[in-house]
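Take a look at this single chain in structure tokens; it is the form predicted on its own.
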């Protein structure tokens, strides 16, 4: 199958304009048991999914620039007034008013803490991280929420100080562009493509 006409998406007048092929079918392969008896076939497909970010696009765009954005409720009548949220939220979960964007990069670089963690040897489909994966829940001083991420260097411990690193070389524009390392990690120990 040729993928010369792989699908592309452009925005014109505020609308997505889709062009090309987003679904490719490949030849089936027989599935046989040890006696050579046919049990089934594979049905390989290549599907490109269009994932839209909407109001969260600034968060992902700024990860590629080495910045960590959060949002803040500015409604003085809300119980969550002045609460800062990460993951990035477009609207306050309490009053539903639009939140204000806040750059918390400097706060995170001073050091956040591992609230809790989990190490996993098995992952779901489409995982791109090497196993074992060290998932960490990162807690920030003065922030109302906790952010889940992954530790790229070292072994996690509850309360350990961590700092963000960003994939600014060949970014994916996904949450994978943000990772964490223990505070004091040398730049030479960072994964390829990542920087402080």
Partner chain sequence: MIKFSKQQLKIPQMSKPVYLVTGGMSKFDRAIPEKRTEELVIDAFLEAAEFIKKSPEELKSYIHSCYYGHFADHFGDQLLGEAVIHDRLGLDPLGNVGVKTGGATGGSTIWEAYKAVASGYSDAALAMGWERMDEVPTDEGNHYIASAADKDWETPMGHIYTGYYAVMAQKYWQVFGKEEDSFRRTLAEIAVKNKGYARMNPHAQSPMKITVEDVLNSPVVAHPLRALDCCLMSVGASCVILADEETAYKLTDNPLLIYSAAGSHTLRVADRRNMDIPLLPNETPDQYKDLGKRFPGGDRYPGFTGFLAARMAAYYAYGMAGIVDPNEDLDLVELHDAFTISDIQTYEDIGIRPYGEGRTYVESGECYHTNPLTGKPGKLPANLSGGLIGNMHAVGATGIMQVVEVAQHIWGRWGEMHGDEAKWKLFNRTKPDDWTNLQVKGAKRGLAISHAGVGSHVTATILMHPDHKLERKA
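Positions refer to the first chain, counted from 1. In this text, rigid core is short for the largest set of C-alphas that superpose within 1.5 Å between two forms. Bear in mind that the values here come from a model prediction, so they are computed numbers and not experimental data.
Not on display, but discussed next: the form predicted together with the partner chain.
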State the residue from 144, 163, 153, 160 whose non-hydrogen atoms include one within 4.5 Å of the partner chain in the model of the complex. 144
If you check in the model of the complex, do 64, 102 and 107 all have a non-hydrogen atom within 4.5 Å of the partner chain? no
Is residue 118 close enough to touch the partner chain in the model of the complex, meaning at least one heavy atom pair within 4.5 Å? yes
Hey, in the model of the complex, does residue 74 get a heavy atom within 4.5 angstroms of the partner chain? no
Does the partner chain come within 4.5 Å of any heavy atom of residue 93 in the model of the complex? yes
Test of understanding: in the model of the complex, would residue 51 fall inside 4.5 Å of the partner chain by heavy atoms? yes
Interface residues of 164-185 toward the partner chain, as seen in the model of the complex [heavy atoms, 4.5 Å]: 175, 176
Can we say the CA of residue 40 moves by at least 2 Å between this form and the one not shown when the core is superposed? yes
